[in-house]
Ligand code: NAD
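One chain comes next, on its own, written out as C-alpha coordinates in the form predicted alone.
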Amino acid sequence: MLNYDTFFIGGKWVDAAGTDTVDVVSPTTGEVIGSVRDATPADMDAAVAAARAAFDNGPWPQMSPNERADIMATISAEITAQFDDFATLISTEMGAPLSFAQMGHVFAATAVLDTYTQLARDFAFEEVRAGMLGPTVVRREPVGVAAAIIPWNVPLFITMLKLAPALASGSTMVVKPAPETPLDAFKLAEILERSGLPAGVVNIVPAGRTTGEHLVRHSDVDKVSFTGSTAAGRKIGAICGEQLKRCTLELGGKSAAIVCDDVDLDAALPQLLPAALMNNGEACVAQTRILAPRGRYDEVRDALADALRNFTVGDPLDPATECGPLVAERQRERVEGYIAKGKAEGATLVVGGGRPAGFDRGFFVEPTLFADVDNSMTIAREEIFGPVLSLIPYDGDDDAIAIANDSDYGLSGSVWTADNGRGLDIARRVRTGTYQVNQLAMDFGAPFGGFKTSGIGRELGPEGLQEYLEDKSIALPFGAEDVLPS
(Lines give C-alpha, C1' and ligand atoms only; values in the text may rest on other atoms or scores of the structure.)
Protein backbone atom coordinates (compact mmCIF):
# COMPACT_ATOMS: atom_id res chain seq x y z
CA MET A 1 0.00 0.00 0.00
CA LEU A 2 1.29 3.41 -1.02
CA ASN A 3 -0.67 6.19 0.65
CA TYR A 4 0.01 9.88 0.14
CA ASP A 5 -1.80 12.61 2.07
CA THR A 6 0.38 15.45 0.76
CA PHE A 7 1.12 17.11 -2.58
CA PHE A 8 4.46 18.13 -4.08
CA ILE A 9 4.20 21.93 -4.23
CA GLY A 10 6.98 24.50 -4.14
CA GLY A 11 9.67 21.86 -3.71
CA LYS A 12 8.05 20.51 -0.51
CA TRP A 13 5.43 18.00 0.55
CA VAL A 14 2.43 20.11 1.48
CA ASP A 15 -0.69 19.04 3.37
CA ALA A 16 -3.84 18.81 1.27
CA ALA A 17 -6.50 21.45 1.78
CA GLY A 18 -9.24 18.83 1.83
CA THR A 19 -9.74 15.40 3.35
CA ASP A 20 -11.23 13.46 0.42
CA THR A 21 -9.13 10.59 -0.90
CA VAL A 22 -8.97 8.63 -4.13
CA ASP A 23 -8.26 4.91 -3.97
CA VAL A 24 -5.84 3.45 -6.51
CA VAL A 25 -7.21 0.08 -7.61
CA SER A 26 -5.20 -2.74 -9.13
CA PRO A 27 -6.75 -3.67 -12.49
CA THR A 28 -5.32 -7.16 -12.06
CA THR A 29 -7.04 -7.97 -8.77
CA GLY A 30 -9.59 -5.22 -8.24
CA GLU A 31 -8.05 -4.56 -4.84
CA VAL A 32 -6.98 -1.19 -3.46
CA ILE A 33 -3.19 -0.79 -3.66
CA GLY A 34 -2.84 2.82 -2.55
CA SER A 35 -4.52 6.15 -2.07
CA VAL A 36 -3.92 9.85 -2.60
CA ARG A 37 -5.71 12.98 -1.54
CA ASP A 38 -8.17 14.40 -4.06
CA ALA A 39 -6.97 17.93 -4.76
CA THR A 40 -9.29 20.87 -4.34
CA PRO A 41 -9.17 24.18 -6.24
CA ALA A 42 -7.29 25.61 -3.24
CA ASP A 43 -4.57 22.97 -3.66
CA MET A 44 -4.32 23.81 -7.34
CA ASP A 45 -4.13 27.53 -6.56
CA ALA A 46 -1.17 26.81 -4.28
CA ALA A 47 0.57 24.79 -6.99
CA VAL A 48 0.05 27.48 -9.62
CA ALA A 49 1.26 30.16 -7.19
CA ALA A 50 4.43 28.16 -6.56
CA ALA A 51 5.04 27.73 -10.30
CA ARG A 52 4.33 31.43 -10.90
CA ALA A 53 6.78 32.52 -8.19
CA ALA A 54 9.42 30.12 -9.50
CA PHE A 55 9.05 31.60 -12.98
CA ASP A 56 8.73 35.26 -12.10
CA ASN A 57 11.28 35.42 -9.29
CA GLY A 58 13.21 32.15 -9.28
CA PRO A 59 16.49 31.25 -10.97
CA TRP A 60 15.19 28.64 -13.41
CA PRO A 61 14.29 30.84 -16.42
CA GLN A 62 17.54 32.80 -15.99
CA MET A 63 19.80 29.77 -15.81
CA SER A 64 21.79 28.89 -18.89
CA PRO A 65 20.43 26.06 -21.05
CA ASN A 66 23.46 23.98 -20.08
CA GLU A 67 22.72 24.47 -16.37
CA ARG A 68 19.14 23.34 -16.91
CA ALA A 69 20.36 20.40 -18.98
CA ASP A 70 22.67 19.26 -16.18
CA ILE A 71 19.74 19.00 -13.78
CA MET A 72 17.63 17.23 -16.42
CA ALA A 73 20.44 14.70 -16.86
CA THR A 74 20.44 14.08 -13.11
CA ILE A 75 16.70 13.40 -13.17
CA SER A 76 17.08 10.96 -16.07
CA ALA A 77 19.90 9.10 -14.33
CA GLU A 78 17.83 8.73 -11.17
CA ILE A 79 14.81 7.38 -13.07
CA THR A 80 17.13 4.92 -14.81
CA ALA A 81 18.55 3.84 -11.45
CA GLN A 82 15.01 2.98 -10.36
CA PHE A 83 14.00 1.53 -13.73
CA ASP A 84 12.56 -1.76 -12.45
CA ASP A 85 10.70 -0.11 -9.57
CA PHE A 86 9.02 2.36 -11.93
CA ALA A 87 8.07 -0.38 -14.40
CA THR A 88 6.61 -2.62 -11.69
CA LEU A 89 4.67 0.24 -10.15
CA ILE A 90 3.17 1.30 -13.48
CA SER A 91 2.21 -2.29 -14.36
CA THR A 92 0.55 -2.60 -10.97
CA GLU A 93 -1.28 0.73 -11.32
CA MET A 94 -2.70 0.42 -14.83
CA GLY A 95 -2.12 -3.13 -16.06
CA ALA A 96 0.49 -2.76 -18.79
CA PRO A 97 2.48 -5.95 -19.41
CA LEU A 98 5.79 -5.61 -17.61
CA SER A 99 7.80 -5.80 -20.85
CA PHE A 100 5.85 -2.88 -22.29
CA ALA A 101 6.01 -0.96 -19.00
CA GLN A 102 9.78 -1.31 -19.12
CA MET A 103 10.27 -0.14 -22.70
CA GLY A 104 7.12 1.78 -23.64
CA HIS A 105 6.73 3.57 -20.33
CA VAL A 106 10.01 3.94 -18.44
CA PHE A 107 12.74 3.63 -21.08
CA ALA A 108 10.72 5.80 -23.46
CA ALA A 109 10.33 8.44 -20.73
CA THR A 110 14.07 8.61 -20.10
CA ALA A 111 14.75 8.64 -23.86
CA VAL A 112 12.50 11.68 -24.24
CA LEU A 113 14.17 13.40 -21.29
CA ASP A 114 17.62 12.62 -22.72
CA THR A 115 16.56 13.97 -26.12
CA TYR A 116 15.50 17.30 -24.62
CA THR A 117 18.56 17.42 -22.37
CA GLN A 118 20.73 17.39 -25.47
CA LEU A 119 18.41 19.74 -27.34
CA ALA A 120 18.64 22.24 -24.48
CA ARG A 121 22.40 22.27 -25.01
CA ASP A 122 22.20 22.59 -28.81
CA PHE A 123 19.11 24.72 -29.48
CA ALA A 124 19.48 28.29 -30.75
CA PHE A 125 17.59 30.19 -28.05
CA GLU A 126 18.95 33.42 -29.51
CA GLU A 127 20.18 34.40 -32.96
CA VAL A 128 21.08 37.57 -34.79
CA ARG A 129 19.57 38.44 -38.15
CA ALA A 130 20.56 41.23 -40.49
CA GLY A 131 17.67 43.69 -40.53
CA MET A 132 16.72 46.56 -42.83
CA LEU A 133 17.63 49.23 -40.24
CA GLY A 134 20.15 47.30 -38.20
CA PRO A 135 20.65 43.89 -36.59
CA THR A 136 17.69 42.09 -35.06
CA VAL A 137 18.07 39.74 -32.11
CA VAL A 138 15.53 36.92 -32.28
CA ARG A 139 15.02 35.28 -28.92
CA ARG A 140 13.05 32.18 -27.92
CA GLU A 141 11.90 32.77 -24.37
CA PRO A 142 10.05 30.39 -22.04
CA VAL A 143 6.28 30.49 -22.29
CA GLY A 144 5.85 30.83 -18.52
CA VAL A 145 3.71 28.62 -16.28
CA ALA A 146 2.49 25.49 -18.05
CA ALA A 147 -0.19 23.04 -16.94
CA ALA A 148 0.23 19.39 -17.91
CA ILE A 149 -2.84 17.18 -17.75
CA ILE A 150 -1.80 13.54 -17.87
CA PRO A 151 -3.92 10.51 -18.87
CA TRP A 152 -3.75 7.14 -17.16
CA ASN A 153 -2.64 4.99 -20.07
CA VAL A 154 1.08 5.88 -20.35
CA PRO A 155 1.52 8.19 -17.36
CA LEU A 156 5.29 8.57 -16.93
CA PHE A 157 6.01 8.74 -20.66
CA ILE A 158 3.32 11.32 -21.35
CA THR A 159 4.40 13.35 -18.34
CA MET A 160 7.86 13.51 -19.88
CA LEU A 161 6.48 14.49 -23.31
CA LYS A 162 5.38 17.69 -21.56
CA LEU A 163 7.80 18.13 -18.69
CA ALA A 164 11.04 17.59 -20.63
CA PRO A 165 10.51 20.38 -23.20
CA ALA A 166 9.08 22.67 -20.50
CA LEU A 167 12.25 22.21 -18.44
CA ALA A 168 14.48 22.71 -21.47
CA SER A 169 12.66 25.94 -22.29
CA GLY A 170 13.00 27.44 -18.82
CA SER A 171 9.27 27.25 -18.11
CA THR A 172 7.72 26.01 -14.88
CA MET A 173 4.92 23.47 -14.63
CA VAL A 174 1.99 22.11 -12.66
CA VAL A 175 1.48 18.42 -13.42
CA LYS A 176 -1.98 16.94 -12.84
CA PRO A 177 -1.76 13.12 -12.96
CA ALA A 178 -4.88 11.08 -13.59
CA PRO A 179 -6.62 9.80 -10.43
CA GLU A 180 -6.14 6.21 -11.65
CA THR A 181 -2.34 6.48 -11.87
CA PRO A 182 -0.93 9.01 -9.39
CA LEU A 183 1.59 6.74 -7.67
CA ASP A 184 4.31 6.85 -10.33
CA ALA A 185 3.94 10.65 -10.41
CA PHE A 186 4.71 10.86 -6.70
CA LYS A 187 7.68 8.57 -7.22
CA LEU A 188 8.88 11.04 -9.84
CA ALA A 189 8.30 13.89 -7.36
CA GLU A 190 10.62 12.18 -4.88
CA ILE A 191 13.33 12.24 -7.54
CA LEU A 192 12.66 15.88 -8.42
CA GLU A 193 12.90 16.83 -4.76
CA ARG A 194 16.56 15.75 -4.55
CA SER A 195 17.61 16.56 -8.13
CA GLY A 196 18.73 20.15 -7.57
CA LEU A 197 15.66 21.53 -9.33
CA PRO A 198 14.75 24.92 -7.83
CA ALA A 199 11.63 24.97 -5.66
CA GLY A 200 8.36 25.43 -7.53
CA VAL A 201 9.67 24.61 -11.00
CA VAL A 202 7.60 21.39 -11.00
CA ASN A 203 4.53 20.82 -8.85
CA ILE A 204 2.56 17.55 -8.83
CA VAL A 205 -1.09 17.54 -7.77
CA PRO A 206 -3.45 14.69 -8.77
CA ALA A 207 -7.08 15.69 -9.16
CA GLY A 208 -10.34 14.93 -10.91
CA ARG A 209 -12.07 16.78 -13.73
CA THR A 210 -13.51 19.69 -11.76
CA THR A 211 -10.21 20.70 -10.20
CA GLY A 212 -8.50 19.97 -13.51
CA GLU A 213 -10.77 22.48 -15.21
CA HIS A 214 -9.93 24.98 -12.49
CA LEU A 215 -6.26 24.53 -13.42
CA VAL A 216 -6.98 25.07 -17.12
CA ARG A 217 -8.94 28.26 -16.40
CA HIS A 218 -6.41 29.66 -13.94
CA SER A 219 -5.34 33.16 -14.93
CA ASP A 220 -1.73 32.53 -13.94
CA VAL A 221 -1.37 29.55 -16.29
CA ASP A 222 0.17 30.61 -19.60
CA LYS A 223 -0.06 27.32 -21.48
CA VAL A 224 -1.95 24.04 -21.21
CA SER A 225 -0.75 20.71 -22.55
CA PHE A 226 -3.37 17.97 -22.52
CA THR A 227 -3.37 14.35 -23.62
CA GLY A 228 -6.69 12.51 -23.56
CA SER A 229 -10.01 12.17 -25.29
CA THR A 230 -11.12 14.34 -28.16
CA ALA A 231 -14.26 15.32 -26.23
CA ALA A 232 -12.22 16.66 -23.30
CA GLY A 233 -9.75 18.25 -25.70
CA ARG A 234 -12.52 20.23 -27.37
CA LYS A 235 -13.54 21.68 -24.00
CA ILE A 236 -9.99 22.53 -23.00
CA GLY A 237 -9.31 24.06 -26.41
CA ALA A 238 -12.44 26.21 -26.10
CA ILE A 239 -11.36 27.50 -22.69
CA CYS A 240 -7.86 28.28 -23.94
CA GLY A 241 -9.33 29.98 -27.00
CA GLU A 242 -11.51 32.22 -24.84
CA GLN A 243 -8.48 33.23 -22.78
CA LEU A 244 -6.02 33.40 -25.73
CA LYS A 245 -3.96 30.84 -23.83
CA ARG A 246 -1.49 28.64 -25.66
CA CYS A 247 -2.40 24.95 -25.76
CA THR A 248 -1.20 21.64 -27.09
CA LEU A 249 -3.83 18.92 -27.49
CA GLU A 250 -2.84 15.31 -28.20
CA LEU A 251 -6.14 13.52 -28.59
CA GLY A 252 -7.69 10.31 -29.89
CA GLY A 253 -6.86 8.08 -32.82
CA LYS A 254 -8.28 5.34 -35.00
CA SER A 255 -5.20 4.44 -36.95
CA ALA A 256 -5.19 2.24 -40.02
CA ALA A 257 -2.54 -0.35 -40.81
CA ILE A 258 -2.50 -0.99 -44.57
CA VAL A 259 -1.37 -4.53 -45.40
CA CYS A 260 -0.27 -4.50 -49.05
CA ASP A 261 -0.79 -7.36 -51.47
CA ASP A 262 2.98 -8.02 -51.67
CA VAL A 263 3.52 -8.31 -47.92
CA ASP A 264 5.37 -11.17 -46.26
CA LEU A 265 2.86 -11.92 -43.50
CA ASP A 266 5.26 -14.10 -41.54
CA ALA A 267 7.65 -11.16 -41.28
CA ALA A 268 5.04 -8.42 -40.81
CA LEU A 269 2.69 -9.91 -38.21
CA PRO A 270 5.22 -10.10 -35.33
CA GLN A 271 5.60 -6.32 -35.68
CA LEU A 272 2.05 -5.42 -36.69
CA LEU A 273 0.33 -7.09 -33.75
CA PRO A 274 2.35 -5.23 -31.10
CA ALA A 275 1.51 -2.03 -33.01
CA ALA A 276 -2.17 -2.93 -32.85
CA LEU A 277 -2.39 -4.27 -29.30
CA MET A 278 0.30 -2.34 -27.44
CA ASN A 279 -0.46 -1.46 -23.84
CA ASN A 280 -3.54 -3.77 -23.90
CA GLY A 281 -4.93 -1.68 -26.76
CA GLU A 282 -5.02 1.38 -24.49
CA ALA A 283 -2.88 3.52 -26.77
CA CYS A 284 -3.92 6.46 -28.93
CA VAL A 285 -1.58 5.29 -31.73
CA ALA A 286 -2.80 1.67 -31.72
CA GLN A 287 -3.24 0.33 -35.26
CA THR A 288 -6.74 -0.99 -34.66
CA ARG A 289 -8.10 -0.74 -38.22
CA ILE A 290 -6.27 -3.35 -40.29
CA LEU A 291 -6.84 -2.93 -44.02
CA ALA A 292 -6.28 -6.10 -46.08
CA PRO A 293 -6.33 -6.50 -49.89
CA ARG A 294 -9.42 -8.37 -50.99
CA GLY A 295 -7.33 -10.95 -52.86
CA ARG A 296 -5.52 -11.92 -49.65
CA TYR A 297 -8.25 -11.06 -47.18
CA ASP A 298 -8.95 -14.61 -45.97
CA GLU A 299 -5.24 -15.28 -45.59
CA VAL A 300 -4.70 -12.15 -43.49
CA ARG A 301 -7.81 -12.92 -41.40
CA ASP A 302 -6.67 -16.46 -40.65
CA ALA A 303 -3.12 -15.38 -39.83
CA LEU A 304 -4.37 -12.68 -37.45
CA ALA A 305 -6.81 -15.10 -35.85
CA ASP A 306 -4.11 -17.71 -35.24
CA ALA A 307 -1.81 -15.09 -33.73
CA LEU A 308 -4.51 -13.70 -31.44
CA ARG A 309 -5.49 -17.16 -30.23
CA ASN A 310 -1.90 -17.57 -29.08
CA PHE A 311 -1.64 -14.11 -27.54
CA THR A 312 -0.85 -14.58 -23.85
CA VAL A 313 -3.34 -12.91 -21.50
CA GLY A 314 -2.37 -12.77 -17.87
CA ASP A 315 -0.92 -11.02 -14.86
CA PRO A 316 0.95 -8.00 -16.19
CA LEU A 317 3.86 -8.70 -13.85
CA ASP A 318 4.41 -12.08 -15.50
CA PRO A 319 7.15 -11.57 -18.15
CA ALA A 320 5.28 -13.92 -20.50
CA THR A 321 2.13 -11.78 -20.53
CA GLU A 322 1.38 -9.95 -23.79
CA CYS A 323 -2.04 -8.56 -22.82
CA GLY A 324 -2.97 -7.53 -19.29
CA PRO A 325 -6.17 -6.13 -17.81
CA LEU A 326 -7.85 -2.87 -18.76
CA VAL A 327 -7.34 -0.02 -16.33
CA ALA A 328 -10.77 -0.09 -14.63
CA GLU A 329 -14.14 -1.79 -14.55
CA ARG A 330 -15.72 1.13 -16.43
CA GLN A 331 -13.15 0.72 -19.21
CA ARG A 332 -13.91 -2.99 -19.53
CA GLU A 333 -17.63 -2.18 -19.74
CA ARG A 334 -16.88 0.39 -22.45
CA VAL A 335 -14.91 -2.12 -24.51
CA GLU A 336 -17.54 -4.81 -24.07
CA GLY A 337 -20.13 -2.31 -25.25
CA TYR A 338 -18.19 -1.79 -28.49
CA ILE A 339 -17.88 -5.55 -28.98
CA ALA A 340 -21.65 -5.81 -28.68
CA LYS A 341 -22.07 -3.00 -31.24
CA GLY A 342 -19.76 -4.78 -33.65
CA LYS A 343 -21.91 -7.90 -33.51
CA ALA A 344 -25.15 -5.92 -33.79
CA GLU A 345 -23.95 -4.00 -36.85
CA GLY A 346 -23.05 -7.17 -38.75
CA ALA A 347 -19.32 -7.64 -38.27
CA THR A 348 -18.10 -11.22 -37.90
CA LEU A 349 -16.53 -12.06 -34.56
CA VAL A 350 -13.52 -14.23 -35.43
CA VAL A 351 -11.61 -14.44 -32.15
CA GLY A 352 -12.25 -13.32 -28.60
CA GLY A 353 -15.14 -11.08 -27.67
CA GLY A 354 -15.48 -12.17 -24.05
CA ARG A 355 -13.67 -12.38 -20.76
CA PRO A 356 -10.81 -14.88 -20.67
CA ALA A 357 -11.37 -18.08 -18.72
CA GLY A 358 -9.65 -18.42 -15.39
CA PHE A 359 -9.69 -14.73 -14.46
CA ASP A 360 -12.25 -14.31 -11.73
CA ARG A 361 -10.70 -11.05 -10.60
CA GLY A 362 -9.49 -8.02 -12.49
CA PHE A 363 -10.69 -6.26 -15.63
CA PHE A 364 -9.61 -8.57 -18.43
CA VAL A 365 -10.97 -8.73 -21.99
CA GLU A 366 -9.89 -11.26 -24.59
CA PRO A 367 -7.92 -9.94 -27.57
CA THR A 368 -10.67 -9.64 -30.17
CA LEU A 369 -10.78 -9.68 -33.98
CA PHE A 370 -13.73 -8.66 -36.12
CA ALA A 371 -13.80 -9.48 -39.83
CA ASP A 372 -16.16 -8.31 -42.58
CA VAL A 373 -15.99 -4.82 -41.13
CA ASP A 374 -17.21 -1.86 -43.16
CA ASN A 375 -15.47 1.42 -42.44
CA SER A 376 -18.85 3.00 -41.60
CA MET A 377 -19.39 0.68 -38.62
CA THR A 378 -19.06 2.05 -35.11
CA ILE A 379 -16.11 -0.20 -34.30
CA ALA A 380 -14.26 1.28 -37.29
CA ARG A 381 -15.16 4.91 -36.53
CA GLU A 382 -14.76 5.33 -32.78
CA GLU A 383 -11.75 4.87 -30.53
CA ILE A 384 -12.39 1.76 -28.43
CA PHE A 385 -9.21 1.88 -26.31
CA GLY A 386 -8.99 -1.85 -25.79
CA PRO A 387 -7.69 -4.98 -27.54
CA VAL A 388 -10.27 -4.98 -30.36
CA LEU A 389 -9.20 -5.08 -34.02
CA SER A 390 -11.31 -4.47 -37.14
CA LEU A 391 -10.28 -6.14 -40.41
CA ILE A 392 -11.47 -4.13 -43.42
CA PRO A 393 -11.13 -5.23 -47.08
CA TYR A 394 -9.92 -2.90 -49.84
CA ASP A 395 -9.36 -2.94 -53.60
CA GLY A 396 -6.05 -1.40 -54.64
CA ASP A 397 -3.80 1.21 -53.06
CA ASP A 398 -6.08 4.15 -53.87
CA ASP A 399 -8.97 2.47 -52.09
CA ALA A 400 -6.81 1.62 -49.08
CA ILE A 401 -5.67 5.23 -48.78
CA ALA A 402 -9.24 6.49 -49.12
CA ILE A 403 -10.41 4.16 -46.33
CA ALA A 404 -7.47 5.14 -44.10
CA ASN A 405 -8.30 8.82 -44.63
CA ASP A 406 -12.04 8.27 -44.09
CA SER A 407 -11.81 9.00 -40.37
CA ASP A 408 -12.37 11.92 -38.05
CA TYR A 409 -8.95 11.13 -36.61
CA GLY A 410 -5.46 11.52 -38.02
CA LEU A 411 -2.88 10.58 -35.42
CA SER A 412 -0.93 7.61 -36.72
CA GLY A 413 -0.88 4.81 -39.27
CA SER A 414 1.33 2.24 -40.90
CA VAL A 415 1.88 0.37 -44.15
CA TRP A 416 3.29 -3.14 -44.55
CA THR A 417 4.82 -3.99 -47.91
CA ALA A 418 7.78 -5.68 -49.58
CA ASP A 419 8.53 -2.40 -51.39
CA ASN A 420 9.71 0.46 -49.16
CA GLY A 421 9.28 2.93 -52.02
CA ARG A 422 5.65 1.93 -52.40
CA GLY A 423 5.28 2.25 -48.64
CA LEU A 424 6.68 5.79 -48.70
CA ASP A 425 4.33 6.78 -51.53
CA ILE A 426 1.37 5.53 -49.50
CA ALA A 427 2.64 7.22 -46.33
CA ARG A 428 2.79 10.59 -48.11
CA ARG A 429 -0.89 10.34 -49.03
CA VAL A 430 -2.35 9.33 -45.66
CA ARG A 431 -3.52 12.31 -43.60
CA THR A 432 -1.95 11.62 -40.22
CA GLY A 433 0.65 13.35 -38.08
CA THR A 434 2.91 10.29 -37.81
CA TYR A 435 3.31 7.26 -40.03
CA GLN A 436 5.37 4.08 -40.06
CA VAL A 437 6.63 1.98 -42.96
CA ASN A 438 7.29 -1.68 -42.14
CA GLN A 439 8.03 -1.06 -38.48
CA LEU A 440 6.77 -0.03 -35.08
CA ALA A 441 8.88 3.00 -34.26
CA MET A 442 8.68 6.45 -32.72
CA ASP A 443 11.46 8.96 -33.36
CA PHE A 444 11.80 11.17 -30.30
CA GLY A 445 13.69 13.73 -32.36
CA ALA A 446 10.76 14.18 -34.76
CA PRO A 447 7.38 15.87 -34.16
CA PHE A 448 4.46 13.85 -32.84
CA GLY A 449 0.84 14.96 -33.02
CA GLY A 450 -2.38 14.71 -34.96
CA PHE A 451 -4.29 15.98 -37.94
CA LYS A 452 -8.05 16.63 -37.74
CA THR A 453 -9.65 15.77 -34.39
CA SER A 454 -6.50 14.01 -33.20
CA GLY A 455 -5.16 17.27 -31.87
CA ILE A 456 -3.45 20.61 -32.17
CA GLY A 457 0.26 21.28 -31.84
CA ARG A 458 3.19 18.92 -31.65
CA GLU A 459 5.23 17.11 -29.03
CA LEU A 460 8.78 15.73 -29.41
CA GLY A 461 11.61 17.11 -31.48
CA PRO A 462 12.48 20.81 -31.76
CA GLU A 463 8.82 21.37 -32.64
CA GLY A 464 7.84 20.12 -29.19
CA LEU A 465 10.30 22.51 -27.55
CA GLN A 466 8.95 25.41 -29.61
CA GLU A 467 5.50 24.80 -28.06
CA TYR A 468 6.98 26.05 -24.75
CA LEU A 469 8.73 29.08 -26.23
CA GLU A 470 7.65 32.57 -27.24
CA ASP A 471 9.45 34.31 -30.11
CA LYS A 472 10.70 37.82 -29.41
CA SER A 473 12.34 40.22 -31.88
CA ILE A 474 14.66 42.98 -30.59
CA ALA A 475 15.57 45.54 -33.28
CA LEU A 476 18.86 47.39 -32.85
CA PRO A 477 20.20 50.34 -34.83
CA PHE A 478 23.18 50.19 -37.16
CA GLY A 479 26.30 50.59 -35.13
CA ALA A 480 25.04 48.52 -32.22
CA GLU A 481 26.90 45.43 -33.31
CA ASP A 482 29.36 45.88 -30.48
CA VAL A 483 26.68 44.92 -27.91
CA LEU A 484 25.95 41.61 -29.62
CA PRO A 485 27.48 38.37 -28.34
CA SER A 486 30.58 37.36 -30.23
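Numbering starts at 1 and follows the sequence shown. No experiment lies behind these values; they were computed from the predicted model shown.
Keep in mind that the form predicted together with the named molecule is missing from the display, and what follows is about it.
S.K.: Which residue among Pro142, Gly228, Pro293, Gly386 has a heavy atom within 4.5 angstroms of the named molecule in the predicted complex?
M.R.: Exactly one listed residue reaches within 4.5 Å, namely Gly228.
S.K.: Taking 4.5 Å between heavy atoms as the contact cutoff, choose which of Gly352, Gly252, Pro393, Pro97 touches the named molecule in the predicted complex.
M.R.: Of the listed residues, the single hit is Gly252.
S.K.: Since only the chain is shown here, I'm wondering whether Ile236 would be in contact with the named molecule in the predicted complex (any heavy atom pair within 4.5 Å).
M.R.: Yes.
S.K.: Is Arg289 near the named molecule? Define near as a heavy atom within 4.5 Å, in the predicted complex.
M.R.: Judged by the heavy-atom cut-off of 4.5 Å, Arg289 is well away from the named molecule in the predicted complex.
S.K.: With the partner left out of view, is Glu213 within 4.5 angstroms of the named molecule in the predicted complex by any non-hydrogen atom?
M.R.: Although the named molecule is absent here, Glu213 would touch it in the predicted complex, with heavy atoms inside 4.5 Å.
S.K.: Does the named molecule come within 4.5 Å of any heavy atom of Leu167 in the predicted complex?
M.R.: Looking in the predicted complex, residue contacts with the named molecule do not include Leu167, since no heavy atom lies within 4.5 Å.
S.K.: Please tell me whether the candidate spot formed by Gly104, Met278 and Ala380 is one where all three residues come within 4.5 Å of the named molecule in the predicted complex (heavy atoms).
M.R.: No, the whole trio is out of contact, none within 4.5 Å by any heavy atom.
S.K.: Just one of 86-94, 113-121, 306-314, 145-153 has heavy atoms within 4.5 Å of the named molecule in the predicted complex; which?
M.R.: Contact-bearing stretch, as computed: 145-153.
S.K.: Where, within 1-23, is there a heavy atom within 4.5 Å of the named molecule in the predicted complex? Residue list please.
M.R.: Contacting residues: none.
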